[in-house]
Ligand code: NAD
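Just the one chain here, the form predicted alone, laid out as structure tokens.
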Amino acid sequence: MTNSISLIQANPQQFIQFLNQNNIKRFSLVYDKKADKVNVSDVRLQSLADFVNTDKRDFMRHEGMLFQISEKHDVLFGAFIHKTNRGQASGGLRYWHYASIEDFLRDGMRLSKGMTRKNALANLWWGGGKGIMVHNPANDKNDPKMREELYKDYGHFVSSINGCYITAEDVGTNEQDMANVFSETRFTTCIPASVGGSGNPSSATALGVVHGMEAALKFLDLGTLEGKTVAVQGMGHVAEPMMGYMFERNVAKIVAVDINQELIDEVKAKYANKNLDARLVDIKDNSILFEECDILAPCATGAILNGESIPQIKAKIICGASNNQLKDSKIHGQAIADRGITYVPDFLVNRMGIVNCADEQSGYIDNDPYFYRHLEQDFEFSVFQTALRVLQQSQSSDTPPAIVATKLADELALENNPIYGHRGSKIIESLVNNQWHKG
């Protein structure tokens, strides 16, 4: 792998082999504001910087991207820091598989950018970041010992970057994994309640999405969720409690799909007395997106709202929990608007997990007003009010909701933390100056 694009096209195992052969255990891609470009810590990885510098879709002047190979098991770790004006970059730790290094970098950039916007719209004094561990197929991800070693190693990695990134739970990661991360770093949330944490944030996230649905129905003057039909893609940690909240609001029917039969059986058993049509689908089967329904709730993978899917969608409203639903926010946001479908941006409604995490460090009180105000209808920055404001501005300006929400979020993201200022960028600068990549 010597040409300028081979490292980008390589699969993670080939890339790790390259790193090991060249004795590269850590490396970084850090944005130089004066030069307006990303610099790489090792010239042998210049093709990665070249790729990021020429990318026009996912790169948005990310302050820093820090990487390390795990001590054991040959797993690639990443911490993607997008913007830290409002505070430390915060976002969950995803344990996922990628076909190429390009896919890995793009996902990290998209997800961290989404966290910046999510935290800003929620009026949290946090920036946006994302952690990723790239699954190595040689490892058994269900092996408790392997997972313990892996997540402890990731915790040590987080400690090494001095607090510019705070990690949390995300897809592929569970509460016990976060306990293992916590054993090696204080820069984490979503840890078990037994050690003072807030645990799994999925239920909180689900409730926020439901409030987003209610805002869209209010905007369209379609009443409440009562009597509505909702199609749900994915039946995992967020979608399952979300269905419960919708049944509490007397939806007429939920049609849901997943690729895991065991999970489907569990959810069907939980809602055995409800009108739930749960189906097993192949991983490439997106037919649920085209279901006859009032609301479509994508709660699985990203980029599923695209040129192929949008023309076939029959729902009046799209509002779900998955991140980065639009493959291209401008092109496909406009395509949804052109079809007369009301889209509620994902980073606006799926905030409640990170709100829960933000409150974790400040102690606990019953019926925490700092949590529940996000679920009220009169709080300026609540899910309901923010969604309604975005949809109203979208209508008055004839601009897709995703663009309106992005503009609002990006403006808020530039506000510096009232106590610490833009501290995160200084931490990254110190890591570069101290040659963090050399260990």
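All values reported here derive from a predicted model rather than from experimental measurement. Counting begins at 1, following the sequence as shown. Basically, rigid core = biggest C-alpha set you can superpose within 1.5 Å across the two forms.
The form predicted in complex with nicotinamide-adenine-dinucleotide exists for this protein as well; it is not shown, and the discussion that follows is about that form.
- The partner is absent here; in the predicted bound form, the one residue of T342, S198, N85, S322 having a heavy atom within 4.5 Å of nicotinamide-adenine-dinucleotide is S322.
- Site annotation in the predicted bound form: the residue of A122, A315, A300, M133 reaching within 4.5 Å of nicotinamide-adenine-dinucleotide with a heavy atom is A300.
- Residues with any non-hydrogen atom within 4.5 angstroms of nicotinamide-adenine-dinucleotide in the predicted bound form fall in just one of 277-285, 140-148, 360-368, 243-251: 277-285.
- For the chain shown alone, G236 is a contact residue for nicotinamide-adenine-dinucleotide in the predicted bound form, at least one non-hydrogen atom being within 4.5 angstroms.
- In the predicted bound form, T189 stays away from nicotinamide-adenine-dinucleotide, with no heavy atom inside 4.5 Å.
- nicotinamide-adenine-dinucleotide in the predicted bound form is not approached by H211, whose heavy atoms all lie more than 4.5 angstroms from it.
- Proximity of D258 to nicotinamide-adenine-dinucleotide in the predicted bound form: non-hydrogen atoms within 4.5 Å are present.
- Residues of 180-213 placing a heavy atom within 4.5 Å of nicotinamide-adenine-dinucleotide in the predicted bound form, in sequence order: P201, S202, T205.
- Comparing the forms between the shown form and the other one on their rigid core, the Cα displacement of N286 reaches 2 Å or more.
- When two forms of a protein are overlaid on their rigid core, residues whose CA moves 2 Å or more are considered shifted, and Q176 is not one of them between the shown form and the other one.
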